[in-house]
Structures are given as C-alpha cells and as structure tokens.
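Just the one chain here, laid out as structure tokens, in the form predicted on its own.
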C-alpha cells in the first residue's frame, strides 16, 4: 500500500501514502463518523467523544494490523475489532455504526489524495517559478529550435522555458479543477443504501463530509470509480508533462549539444569508470519516475469496470497502484524541480550551435525576405539551390547568397545580412512568453484554505 523504491518517489509523498498514514486516515474517518452520528442524534455525544479519543494511531500495531488484513481482506476489519476493544464497554458497540470496510478505506484514500494534491501542486508551482525566471532572463538568448531532432529555426531559450512553464501552469490548473469533483466522502454501508442508518443516512453523510472538510456526493460510489480514474489520468498527464521537461534537459546536456547542464553537487552525475562524465541525473531519474507513473494509469483505468455493488479485484488493485502512482508522479516533479533550479544555461554554446550548418538554419528567413520580390516558389527554389552550393563548396549560406546574382538583385548585402540574423527571426516569441507568464501569475494566489 505504499511506494517501495525511494529513488523514484518523493519522501513526503511516500509518507502520505504509507501504511501508517492510511491507518491514521481510517481512524480520522471513524472519529468523524462518530461525531457526525452524534450530531445527527444517532449515538450519544459522550460515546462519540470516547470513540474520538480512542482513534489514535499510536494505540495500534501497524505491522500486525496489515498482516491480519492480508487474511481478513481489508485493514478495516481488524482495525474496527481493535478499535471496538479499545473504546470498550457499551460505547464500543457504536464503533463504525452503519459503515462498511470500503467506506473507511475510500474516505482515507480521498484524504490522502487531498494531501497528495497539495504536495504536487506545490512542486509544480516551484517548477513554474523557476521556468518563469528562466523565461524572463533568456528572452534574447537565441538558440536552435529543433524538429525531429534536427535544427529547424532559431528560437529564444526563454520561449522554451515558457513552454515548460505552460506545462506546469496547466498541471496546477488540472489539479485544482479536480478537487471539487473527486474530493468527496464515501459512506454507503454494505450495499450502498445506508440501510443501517434508516432515513438518517444522507444527513450523516453530509455531516461526515463537513467534519472532514470534504464534499458530500449525491450517492455512494463503491463500484463507480470514475473519480479515481480521473485522478489517475491527471497524474499520468502531470508525470508525462514533467517528463517532457526532463527529456529536453537530457537532450540539451548531450556532449554534442552542450547548451544546458544540471548544476554541480558533491557526488552527483559522475561515472564509475569515466572521470570526465557529468550525467544529468535528476532529469534521468525524473524520466524513469514519469514512466513508472504512466505505466500505472492503465491499472487504475482497467479497474473501472467493476462488478455490481462491490468489486472483486479492481478496487483492491487500487490499493497498490494509487500510492505508487502518487509517489512516482511526485518523484518526477521533485527531480525536475531540482534539475531546473540548478540549471546552467550556456548562451555562448547556443549561439555557436546556430552556425553548425553554415547558417542554413536561416534558410526560411532568407526565402521569406525574397518572396515579396520574386514570389514564394522562386524564392524557395533559389534558397534551396544556395544551400546546396554551400554544402558542396564547404562555405556558408551567407557567402552563397551574396554570390547569387538574382538574390543580390532582390536584396542588398545589408538586407541579406538582416535576413540571416537569427535574433531578427524570433516571430512572436515575446508575446508567447508574456502569455505564459500571465497565466502562471494568475494562479499564484493559493486556493481556498486546505483542511
């Protein structure tokens, strides 16, 4: 019920989804249920107080409880037995009144997810803040833009960072939008009717939700897992989004590219045999964690088709898949955050790489400048021919353009030079950077206070 390998998760998220944390959340449910039933007049107030006082995780042997759970079928069964004995006396018979095992476990999961959303949102915000700073700082840092891993057109590194910023911003927006739909209490009793509570079931559900700071659903959702599926999908998207950032960092750090590298730290990024190596470790582990997270999404989505009123296998698969999914997603977010925070940007190398193909990265810009004079088809043909001559002669596009009489008749030497200046062909990069910054800054105020 908890992530295993600490290399691919975040410690804080692993703690939120540990077996002990699940136990604490189940006890929160039992205490809140007693208080809600007392408020509804179903059980005496002093009984509710006794149950509340007994719901302390330190009173229980976590390891023994989960060992028994493997035989009993759920940890709720041994927990309710032990809690009843702890409360003792006549009050003990009111423990877990009207509820079923899944009510305690599902509500505990929702409470864990709420805390997990908080951690993920904080991590995405940290990524966004770093990317916003990079966007501003590198508006005029020109670098090669690449399509299919080949140089295409010049872009600003600030624009690349702004696209990363957009991913973080949308990830935060997605998590905030999820809260209202998925953070709902579970209380349905044995078959989703709350028959044991008679006509008071809906009222107790509302009071329970109020006690826990959750929403009350229209009806119990034991075998209808669309909310859980939506959470899994959103986490998969979040993991994949930060995985894209990690991929870019890994590629920028290649020896042959060398445009950005992760920051130096003692013992980080070395090799057991190659003294010169400086590996992008945080981005690499982020990619691994992202792939692990994405691999768990089909497990949760595949469990959506559940049987009748309670599932045989699908719900139970969530117990392992969801903690790991939250853990790996958090691991990917955290590792990308560290990689970005220490990112070293080599503007000089970016500029040098623009000239690797003899200025042919500016072929479109030259054709665009010629088109008003010659028409687009002729401009394209002339520039393509000039590029071929540059390759065959071992010179650059600037030289072959100046040597072409038709090009020179359409554009002055100064006009050719302007057309071949990468800094002059960044299009609407500034506008897009400003839009990404504005969207991120609009999200900066914290959401409603978190229970």
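Since we're looking at a predicted model, the values are computed, not measured. Numbering follows the first chain given and starts at 1.
There is another form of this protein, the form predicted in complex with another copy of the chain, and it is not shown here; the text below is about that form.
Visitor: Using a 4.5 Å heavy atom cut-off, state whether residue 12 contacts another copy of the chain in the model of the complex.
Guide: Residue 12 lies outside the contact set for another copy of the chain.
Visitor: Quick one: is residue 230 in contact with another copy of the chain in the model of the complex, heavy atoms, 4.5 Å cut-off?
Guide: Residue 230: contacts another copy of the chain in the model of the complex.
Visitor: Is residue 60 one of the residues lying within 4.5 Å of another copy of the chain in the model of the complex, judged by heavy atom distances?
Guide: No, no contact at 4.5 Å.
Visitor: If you check in the model of the complex, is residue 278 within 4.5 Å of another copy of the chain, heavy atoms only?
Guide: Residue 278: yes, in contact with another copy of the chain in the model of the complex.
Visitor: Another copy of the chain isn't shown here, but in the model of the complex which of 133, 348, 85, 304 has a heavy atom within 4.5 Å of it?
Guide: Contact residue from the list: 304.
Visitor: Here the chain is shown alone; which of 124, 253, 108, 212 has a heavy atom within 4.5 Å of another copy of the chain in the model of the complex?
Guide: When another copy of the chain is considered in the model of the complex, the option within 4.5 Å is 253.
Visitor: Specify the contacting stretch among 400-408, 418-426, 49-57, 30-38, defined as having any heavy atom within 4.5 Å of another copy of the chain in the model of the complex.
Guide: Contact-bearing stretch, as computed: 418-426.
Visitor: Are there residues in 236-254 with a heavy atom within 4.5 Å of another copy of the chain in the model of the complex, and which are they, in order?
Guide: Counting only heavy atoms within 4.5 Å of another copy of the chain in the model of the complex, the contacting residues of 236-254 are 236, 237, 240, 241, 243, 244, 247, 248, 250, 251, 252, 253, 254.
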